[in-house]
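One chain comes next, on its own, written out as structure tokens in the form predicted alone.
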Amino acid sequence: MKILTTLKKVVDVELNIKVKNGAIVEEGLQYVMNAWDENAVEASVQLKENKGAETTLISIGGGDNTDIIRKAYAMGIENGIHIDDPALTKADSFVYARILQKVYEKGKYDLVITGKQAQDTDNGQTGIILAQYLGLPCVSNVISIEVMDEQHIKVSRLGDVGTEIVELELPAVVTVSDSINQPRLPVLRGIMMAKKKTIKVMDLATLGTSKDEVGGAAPKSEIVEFIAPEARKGGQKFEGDVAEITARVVDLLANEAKVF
């Protein structure tokens, strides 16, 4: 089984992100591996270890994607592709999906595993759009993957009313939830080996396509403005008789917060 796993570089949302004049302040930002993609990497590595799958990773973006690709290597991914092209600075989910389509068609993979969504935009669209472009079956929000035979897998997904079990004929696309696993921490040996591994760097021309062909010249969606959320007001602390406090809290919830 050949697996293609996607990996996005995102802003570390644990940091204090500032917004000024409708844009994110770049100074002081740090970038990390997208959390859901880290689950996708772990799922792929487990299939490599348990079922002998061949794993390839693809990441699209600027030169500093190298760090997160090497982290995926340290976790156990075998091959890495980095699509680095200045024409992709305003790429949206549709553009990313077109690029992934080109990579998939060159590699003839059996299974594509993506994170359910990216923690910067939270769109959750790229994997599903890719499946549509490829004409492949797709299951989203997957929490387990079981290989039945060389042509079929069984997946469980979190549905609206419980866990749903779906059998898929390969090739297929799945987008995984963060409930699928607990990503491993790379060990020192893996980190050292990852530093020596080659990353295949390509631009759109090397991939055999162009900005126009992947839709980069006219993206279907665009981030117009970032707006910082309103700062939370300080809370209130109550001391004294329990009955009086309870009555006071209920009054505030009903008349001030309008909860009731």
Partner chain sequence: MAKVLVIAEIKQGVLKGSTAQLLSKAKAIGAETAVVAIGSNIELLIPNLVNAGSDTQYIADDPGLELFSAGPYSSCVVDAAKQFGADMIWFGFSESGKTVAPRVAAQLSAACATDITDVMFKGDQIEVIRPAIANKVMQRVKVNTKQLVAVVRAGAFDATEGISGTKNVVKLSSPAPDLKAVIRQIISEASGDIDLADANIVISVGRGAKDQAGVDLVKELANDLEAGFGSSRAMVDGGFMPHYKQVGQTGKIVAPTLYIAIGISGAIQHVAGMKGSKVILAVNKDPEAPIFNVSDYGIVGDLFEVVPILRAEIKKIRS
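Here, rigid core means the biggest group of C-alpha atoms that superpose within 1.5 Å across both forms. Residue numbers count along the first chain shown, from 1. In this text, all values refer to a predicted model and were calculated from it rather than measured experimentally.
Keep in mind that the form predicted in complex with its partner chain is not shown, yet the notes after this line are about it.
Participant: Can you tell me if I223 lies within 4.5 angstroms of its partner chain in the predicted bound form, counting non-hydrogen atoms only?
Facilitator: Answer yes; at least one heavy atom of I223 falls within 4.5 Å of its partner chain in the predicted bound form.
Participant: Taking its partner chain as it sits in the predicted bound form, is E78 in contact with it (heavy atom to heavy atom, 4.5 Å or less)?
Facilitator: Contact with its partner chain, no.
Participant: Taking the shortest heavy atom distance, is Q101 within 4.5 Å of its partner chain in the predicted bound form?
Facilitator: Although its partner chain is absent here, Q101 would stay clear of it in the predicted bound form, with no heavy atoms inside 4.5 Å.
Participant: Could you tell me if C138 has a non-hydrogen atom within 4.5 Å of its partner chain in the predicted bound form?
Facilitator: C138: contacts its partner chain in the predicted bound form.
Participant: Go through L111, I83, I145, I129 and name the one with a heavy atom inside 4.5 Å of its partner chain in the predicted bound form.
Facilitator: Of L111, I83, I145, I129, the residue with a heavy atom within 4.5 Å of its partner chain in the predicted bound form is I129.
Participant: Though the partner is not shown here, which residues of 238-252 have a heavy atom within 4.5 Å of its partner chain in the predicted bound form?
Facilitator: Contacts from 238-252: F238, E239, V242, A243, I245, T246, A247, V249, V250, D251, L252.
Participant: Does D12 shift between the shown form and the other one by 2 angstroms or more at the C-alpha, the core having been superposed?
Facilitator: Result for D12: no, shift under 2 Å.
Participant: Using a superposition on the rigid core, decide whether the Cα position of E230 changes by 2 angstroms or more between the shown form and the other one.
Facilitator: Yes, the C-alpha position differs by at least 2 Å between the shown form and the other one.
Participant: Superpose on the rigid core, then tell me if the C-alpha of I245 is displaced by 2 angstroms or more between the shown form and the other one.
Facilitator: Comparing the forms between the shown form and the other one, which are aligned on their rigid core, I245 does shift its C-alpha by 2 Å or more.
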